[in-house]
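Okay, so here's just one chain, in structure tokens, the form predicted alone.
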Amino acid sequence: MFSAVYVESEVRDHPRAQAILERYRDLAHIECERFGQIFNRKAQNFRMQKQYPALILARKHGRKVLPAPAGYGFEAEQSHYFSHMLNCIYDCRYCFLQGMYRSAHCVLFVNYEEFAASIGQNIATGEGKQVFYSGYDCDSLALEPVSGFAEFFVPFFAQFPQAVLELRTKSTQISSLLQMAPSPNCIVAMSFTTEAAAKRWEQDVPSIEKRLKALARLQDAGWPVAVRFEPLLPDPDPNAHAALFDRVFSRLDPDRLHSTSTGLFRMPADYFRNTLKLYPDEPLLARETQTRNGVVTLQQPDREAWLANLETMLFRHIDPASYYRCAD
């Protein structure tokens, strides 16, 4: 999976870093002062690096909990996100991370305890329902056997019933969750696109069938689960989304879902330009686009009517009260 492991001098002796270095004892271990020396170097090629990425173990400095982007998730008095990791082991052509970072290496911040302290402070000083999203700059569970992220943070959040943790993922790495008692304030949110889109644009991602099997196992075990149909991409097959919805909700109990959401392809304009440079021949990126408030979306004739039609299909399966549409 990784070509080498870089480790900041500051965290080399951290027990979490030591365990990961032992796991990858057959790879080269390279010490560095700060992860940015490797991750932020100029003249890196994300596309080439993605074939043989390295893992960088580091300490997160500065603010560890940030306000969630407007319209990112479900309603709450306060919404936050935190990133224990930068980048993703998957390679989805529509992902904004490839345009955001210079490097395809994965950075894992091992100072979970400091994250927990910051989250606890936000909970203590906040008011009302607070939601914390963990899958914004990475996939929450894809590296779980290595990172132990859910193993650490799910029990931590269980101490704060007034707060909610969402694990956004496309991963089937659910073993650590199944070994715990279900936590009512931890939501496992799985992302899906149509079958054709998944096969064409989601490299290295587990199949839809495998993801559904994992999510059904979690639901059967009592975990709150959610479904995210993102990004919604126009499909030449007019029945593609209806088939996806039928498939998903034949495997999951809609009455026991925490929520269902949809979201369009959207990417900050500068990230989109960077991604287009990496993949100038990618048909998805060559589609007609529109830019509004610095965000690029795909041009879709009669977009509102198209979305409304998809929502009508969805509401044949779910209670509209449990649904939300992410901001464009």
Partner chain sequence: MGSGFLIDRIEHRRTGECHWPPVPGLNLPGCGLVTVDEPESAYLKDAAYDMEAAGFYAAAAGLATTDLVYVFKIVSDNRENPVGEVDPQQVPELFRRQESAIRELVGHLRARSAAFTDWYDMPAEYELLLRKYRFSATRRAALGQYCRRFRALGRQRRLSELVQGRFRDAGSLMSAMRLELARADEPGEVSR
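Since the structure is predicted, the reported quantities are computational estimates derived from the model, not experimental observations. Numbering follows the first chain given and starts at 1.
Although not depicted, the form predicted together with its partner chain is the subject of the following passage.
Although its partner chain is absent from this view, report whether Gln51 comes within 4.5 Å of it in the predicted bound form, heavy atoms only. Gln51: yes, in contact with its partner chain in the predicted bound form.
Taking 4.5 angstroms as the cut-off for heavy atoms, does Leu278 touch its partner chain in the predicted bound form? Taking the distances in the predicted bound form, the answer for Leu278 is yes, it comes within 4.5 Å of its partner chain.
Distance check, Arg200 to its partner chain in the predicted bound form, heavy atom within 4.5 Å: Flag for Arg200 set to yes.
So in the predicted bound form, does any heavy atom of Ile38 sit within 4.5 Å of its partner chain? Result yes; Ile38 sits at the interface with its partner chain in the predicted bound form.
Residues of stretch 15 to 51 in contact with its partner chain in the predicted bound form (4.5 Å, non-hydrogen atom): Contacting residues: Ala28, Ile30, Glu31, Cys32, Gln37, Ile38, Arg41, Lys42, Ala43, Gln44, Asn45, Arg47, Met48, Gln49, Gln51.
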